[in-house]
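Quick setup: the structure tokens below cover two forms of a single protein chain, split into structure 1 and structure 2.
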Structure 1
Amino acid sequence: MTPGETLLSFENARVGYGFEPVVDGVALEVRAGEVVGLVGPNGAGKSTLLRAVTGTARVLAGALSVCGQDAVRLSPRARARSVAVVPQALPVPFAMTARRFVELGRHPHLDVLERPGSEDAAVVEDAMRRTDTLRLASQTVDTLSGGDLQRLTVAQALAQQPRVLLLDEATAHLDVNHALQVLDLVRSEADAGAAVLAVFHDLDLAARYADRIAIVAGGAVSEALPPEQALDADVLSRVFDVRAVVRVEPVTGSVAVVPIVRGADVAEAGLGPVGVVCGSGAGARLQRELARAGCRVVCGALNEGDVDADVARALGHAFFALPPFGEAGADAEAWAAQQFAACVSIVVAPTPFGRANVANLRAAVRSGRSLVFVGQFSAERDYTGGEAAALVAEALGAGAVVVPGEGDALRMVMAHVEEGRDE
């Protein structure tokens, strides 16, 4: 559905505890019908933003409004009629019945001495039905599993009949099944017109369930953008110090993040260069380990969309970009030949060879550099009508080595690199 009116809005807000600001200059709007995700490193202030909405953290400057009203002036009771929170799943150590637990969500709608009536009972019943918790109604909450308890907490929040729903890492302790269940439920609340602001711990879940994502880091909040714009390799490197491949996951159709290595674990690329002949992701581990060891890596020509091309880009390795499914032309092969000729050593990953990457093999074999093959070459990996097999035979004849695994290849290459440095 198209987003409706703005239900939650931070205007140039500074929020924190006491007089200490945690996040400053926050400009964020959440409209009816949308889920806005907050992601960022631990301790960056994501939860503080939510707590500003519930009144636990303070708005030190700027404005924060909920359903058009100044949030700072709302009484806890009035606030709880518009805003509900689903916190992390926490164990509840007392024997309250599940129905009573959900019924407590009606509190802000009841007068001080008023007892819940039939209308409240209907709301509670409905919240429990939607969260699939009716069958737990007469059980006590201290006996429930984490997943059941969290759905019950969602039911308690829904019993508040909120227009704004805040999720504070609501799926952090849940297994994948229960996490999806809770988030599907929240998604459907948004589709029914709620404004959802959710702190996510898991970037893939954030990308999958949020319409827009804002990054909280370094005391500031970025503009909320669609997941594919908000999460890219650059942002991940800057905000989380992680080299990652960010791609649209074909199964879910949403952005997925695959962290490769921590930025702090990548040494300054001062050694090498080392060539890697790869494709289809067969060279991903070699690329990662060479980056950690501090080698400059060149990969030859790779198709856009190929996993090895994504990894090379995330790690800053040189490669000649071919269009998806395109073949390497003379210019690509000339580039690869030139790059490989300057390498200390070249590793050939156990990749299948086709029309695109056989040019890399040809350039590597003819470079005259020392060659290490990972795994015996076999006809199953040859989609070139025998050309690749012939090139491998030629290289072996010229003294190339075959090792069983990537670890062996890395050890051998690093020995070459060290020798080269000593000379």
Structure 2
Amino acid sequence: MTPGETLLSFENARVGYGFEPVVDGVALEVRAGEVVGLVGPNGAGKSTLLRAVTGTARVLAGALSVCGQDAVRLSPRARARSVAVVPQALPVPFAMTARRFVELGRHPHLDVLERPGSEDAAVVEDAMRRTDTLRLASQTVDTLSGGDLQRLTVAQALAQQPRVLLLDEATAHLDVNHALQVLDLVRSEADAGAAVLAVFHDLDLAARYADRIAIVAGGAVSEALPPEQALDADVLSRVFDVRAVVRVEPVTGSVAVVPIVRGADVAEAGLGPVGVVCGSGAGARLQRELARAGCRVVCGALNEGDVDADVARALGHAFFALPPFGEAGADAEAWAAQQFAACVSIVVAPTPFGRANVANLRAAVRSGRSLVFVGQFSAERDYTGGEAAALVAEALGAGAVVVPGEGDALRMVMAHVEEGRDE
């Protein structure tokens, strides 16, 4: 097969069951050598797209082509020579051996009544070896665990030697070791020239293994884009109603999605505002709980790429964006001072202070508002040559309170918020 050749293509397709569409206007192609992931809410139509390829859902309008042929005109046998699927639901096991079960994947390549030969046996052996199921060869499939049966189903699909491979939550029944093994196999199949269309519920796995990702939601399918473009905080909020931090995971280099809170759990921001002096991720949980309590939050100046900045952006909190590793200058400090002066209360997270962020502490201390410090300030957190320690001492002398933990700080801040409401 030619690298980059389009092996699967939906062209303005309407797909559904009977005469009822599930998704409409689908424009999606999968090329040889790539994995395209489908993500979206439950019931949005991800599996329906895969079933259109296998012929169990209908193409009501538009076109669907498989390996350059009109899918509607393909016979089930011809389709099975090109397309293999690992379904979401496990097959109902029969009392056949595991080897025989995987061998069923060779039937599309055999004539009627033709028995599998030595070449077929070699393909089956290889598929079972690669899925770590060869040790199960003589066992009957009705005695196997769900995880073993799932891997045998993957082996059966590989034994078909498909040009197009469909996966509908193929790792749903697998432990983390075998889930990674299966997805590594899928990735190697794509690298060898197969076109893979895969449904994922785990967004991290989708980002790690898919070259492009399409969002299925609201009866439509988005353009398939690279993971860092397809999965951003706005999309996750709009499609999944989840506030999340989306970052590049440093070990694998792939996009990682960290859900913060369900949208339904974020109260309308009608209280406050509350100031949070934070940085280096020290204020992430405080931000989350204040959002859940319905508080408007101001975080001062934060560096792009800082966890606290990512959390603030995901939750819609106000902050002054600084370049990565940049310092808060006079304009940032003036902004923070103005914002903190309007707050009901300010909580200072246990963040270290250096030249880059001491302006936030200075603005908070000089704001005239009630301050709550989480934990005792120590010299280990002062990288300012003593300025931060002097500011903390000034705040304590003016009546600031130190509490041992975040829960204590939240209770005190919310008490200040309630007092402000009563005034």
Partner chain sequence: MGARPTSRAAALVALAAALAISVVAGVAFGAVKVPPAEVLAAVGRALAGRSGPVEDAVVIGLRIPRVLLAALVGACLATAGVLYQALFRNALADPYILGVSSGAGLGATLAFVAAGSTTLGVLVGVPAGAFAGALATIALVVALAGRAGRLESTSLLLAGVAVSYTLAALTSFVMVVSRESMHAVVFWMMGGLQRASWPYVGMLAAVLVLGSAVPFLRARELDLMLLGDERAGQLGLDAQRFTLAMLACASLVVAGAVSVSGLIGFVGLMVPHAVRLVLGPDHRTLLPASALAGAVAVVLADLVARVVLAPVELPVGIVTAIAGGPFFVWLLVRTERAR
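Here, a residue number simply tells you its place in the sequence of structure 1, counted from 1. As the structure is a prediction and not an experimental result, all values here were calculated from the model. The term rigid core refers to the maximal set of C-alpha atoms that superpose within 1.5 Å between the two forms.
Between the two renderings of this chain, the form predicted together with the partner chain is found in structure 1; structure 2 comes from elsewhere. 12 degrees is the angle through which the smaller rigid part turns against the larger between structure 1 and structure 2, based on C-alpha superpositions. When the rigid core is fitted, L136 shows a C-alpha shift of 3.1 Å between structure 1 and structure 2.
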